[in-house]
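Single chain ahead, written as structure tokens, the form predicted alone.
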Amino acid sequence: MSAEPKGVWAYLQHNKEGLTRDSLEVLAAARKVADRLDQDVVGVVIGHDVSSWAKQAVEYGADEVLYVDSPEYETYFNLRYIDAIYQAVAEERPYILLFAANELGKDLAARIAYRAKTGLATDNVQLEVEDYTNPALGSFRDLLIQIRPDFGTRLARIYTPRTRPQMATVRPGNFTPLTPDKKRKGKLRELEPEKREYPARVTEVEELPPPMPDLPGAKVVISLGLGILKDGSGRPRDPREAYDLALKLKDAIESRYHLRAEVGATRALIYAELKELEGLISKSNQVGQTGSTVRPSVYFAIGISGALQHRVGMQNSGKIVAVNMDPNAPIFKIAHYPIVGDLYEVMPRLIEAIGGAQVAG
């Protein structure tokens, strides 16, 4: 057993094509933290026939990869996976252990944190390394500072100074995967977890279709807010009109540029439960703190004021186009292309400029 905890570990998920994007983002987060600490990034891969995915982890920033490769691990079974990961954690004592904040990552992280008797900060949108002093606890050097959305409109900074590994889940969409380097060298080490018999077993696996819409996978996201309820003169408008304009803009972008576009919405619009949008806009369309985090090439914020809980879900978009009547709307602070105007006049012009059919005023 090593004298001091060391290494920034990242648990890496995979599918038939390779490491998932969520995992590549976690690797990028681990690389950022490890560079600040002058430590190595260690990827952890579990499954069957995964040696090629272990090599892929090196290309994307890992210095070392610990992998379990056995038919017993071909299908995800949380007890078996938890035992394998925790055995490695107990024996090698990482300084930091990161997971993606998705369904599988949350399942594993909480259980491993409990076994390791350590803290866990979930759904982080940023990670930093800083020294930390607390009058009751003392001073700590090189502490992982975990930053996540808090209640309301705030971001919370989480400190877990006394236990190792420091554990965190990283919310997808907040880190950009590193550019792969096929010449990069790293160490691959196969683990052999202790064999156990379990009182339960997996008898059947059914793959569910991806959620619709797939906001995180879209290259362009067109989101609507409560501003769609009125036009520039303050007159009430049928929100279905704005939704139809969003669909026309989506079709124009996909036809002209062959980029997949999706329609999103703010939490406020969804929870308004407007009859006109029933069956069209639902929780699956939500972008923001309690919805999806997106990082498209282009994000259209239509009638969105830009409260923090929405911004944390889209602020890392490549380009942000915002349309709002209020020149002081918070969304304009992060918009690359702020448009002050009536969305019911601006959107038809955008559609025509892109090359869509002319929209009657």
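Heads up: residue numbers just count along the shown sequence, starting at 1. Remember, it's a predicted structure, so these values are computed and weren't measured experimentally.
What comes next is about the form predicted together with a small molecule, which does not appear here.
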In the predicted complex, is there a heavy atom of the small molecule that lies within 4.5 Å of any heavy atom of Pro338, even though the partner is absent here? no
Taking heavy atoms and a 4.5 Å cut-off, does Thr266 contact the small molecule in the predicted complex? yes
Does the small molecule get within 4.5 angstroms of any non-hydrogen atom of Lys230 in the predicted complex? yes
Please tell me whether any heavy atom belonging to Gly303 falls inside 4.5 Å of a heavy atom of the small molecule, as the geometry stands in the predicted complex. yes
Of 25-33, 64-72, 319-327, 48-56, the segment with heavy atoms within 4.5 Å of the small molecule in the predicted complex is residues 319-327
The small molecule in the predicted complex reached by all of Ala121, Ala168 and Pro172, non-hydrogen atom within 4.5 Å: no
By the heavy atom within 4.5 Å rule, which residue out of Ile82, Leu259, Leu226, Leu280 makes contact with the small molecule in the predicted complex? Leu226
Taking the small molecule in the predicted complex as the reference, which of Leu97, Val221, Val287, Leu144 has a non-hydrogen atom within 4.5 Å? Val287
